[in-house]
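A lone chain, given as structure tokens: the form predicted alone.
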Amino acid sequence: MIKDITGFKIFNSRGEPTILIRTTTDRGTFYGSAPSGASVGRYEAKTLNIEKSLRILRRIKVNFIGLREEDFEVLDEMVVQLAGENFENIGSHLGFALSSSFLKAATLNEPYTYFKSLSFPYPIGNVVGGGKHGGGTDIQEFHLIPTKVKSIEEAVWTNIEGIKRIKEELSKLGKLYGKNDENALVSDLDDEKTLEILSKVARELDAKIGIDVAAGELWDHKKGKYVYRKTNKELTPVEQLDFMKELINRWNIYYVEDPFNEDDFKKFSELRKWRKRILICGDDLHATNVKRLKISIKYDACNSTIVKPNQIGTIGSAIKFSEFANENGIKTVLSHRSGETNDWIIADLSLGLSPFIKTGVWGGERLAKLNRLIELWHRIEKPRMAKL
């Protein structure tokens, strides 16, 4: 039985305020904290001022006191009902942190046990960053994806070794300028030169290449063009499509996230139909929202989707979204945010929901998730990597 719920203001990896929830039950004390995004789509659940959300918590927590913590679905749905449309009543930080603490309470801090079938995800490692996350490239993220590994430990090692080798290459060129919000490397090389280095390292490690274009950040609605400020070019939607095809062909790119703005289902579809064996992934396009995903399915816009529980407000809603995607043959990618905490719950969720996880490569708040996966690999009987 839930005895008390307390909220605190803490700080995420960018030093921004967020929420930590402590849920106390007859069986123990359970915590959940909320991440924050830098590149935020306009279809995401609404955020509120942290102090305001904490005041709201003090008012609404009476709704949960005395209820059974084992009834996670009931508790999660109560959060959704109290949140109102698009979480405008309580804010997504509070919704996610409550939901996270409730799932941990229901499973005695072992959220992966909520799922019947388990497999380990392949980590999509953000090794070089740009765009709104900081860096010399217009493309927001450059990834290594070790899809041929036999264990999660080997997968994590591959991405760490990869980022070390890219760091060496950038250092030799005198182009290494540090790290960004997600601990990805930062340089002033353009997109093409970055892909050249990434391609070399990917071949050495037998890994695949991915990119997160974050095209919504490049889209200028007034001009009707994608504005590449670092390389000083402007592309129409048709030219953007041609540019994506060129990059995919030239660099053998396996994973492309948000290549167009969040309303251009048609261009997503054209790229998807052009090359069906690669992953065309929607993030801002879907916003972890089943209504948006249904539109995408109608267009055959994507064969992959990002899942960010705080985008939709609760873990229960993210689980429903993931299950709907999987039922429709769309691969899911459980994802962190650029402003993270040391909470590892998305690692557990990925075991039951996704063949991929995006959670960075190194840095304490990123490794908290990856090390949790390694820990579970050694605890779960007959662990296996996901089928691709």
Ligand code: 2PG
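Remember, predicted model here, so these are calculated numbers, not experimental data. Note that residue numbering begins at 1 and tracks the sequence as displayed.
Below, we refer to the form predicted in complex with this ligand, which is not included among the displayed structures.
Student: With this ligand left out here, work out from 159-167, 312-320, 137-145, 89-97 which stretch has heavy atoms within 4.5 Å of it in the predicted complex.
Tutor: Heavy-atom contact with the partner occurs in 137-145.
Student: My question is simply whether residue 133 lines the interface with this ligand in the predicted complex - judged by any non-hydrogen atom within 4.5 Å.
Tutor: So residue 133 counts as contacting this ligand.
Student: Within a 4.5 Å heavy atom cut-off, is residue 308 in contact with this ligand in the predicted complex?
Tutor: Judged by the heavy-atom cut-off of 4.5 Å, residue 308 is in contact with this ligand in the predicted complex.
Student: Heavy atoms within 4.5 Å of this ligand in the predicted complex: does residue 38 have any?
Tutor: Close contact exists here: in the predicted complex, residue 38 approaches this ligand to within 4.5 Å, heavy atoms only.
Student: Is residue 335 close to this ligand in the predicted complex, meaning a heavy atom pair under 4.5 Å apart or at it?
Tutor: Within the cut-off, so yes.
Student: Could you pull out the residues of 212-246 that have any heavy atom within 4.5 Å of this ligand in the predicted complex?
Tutor: Going through 212-246 in order - heavy atoms within 4.5 Å of this ligand in the predicted complex - there is one hit, 212.
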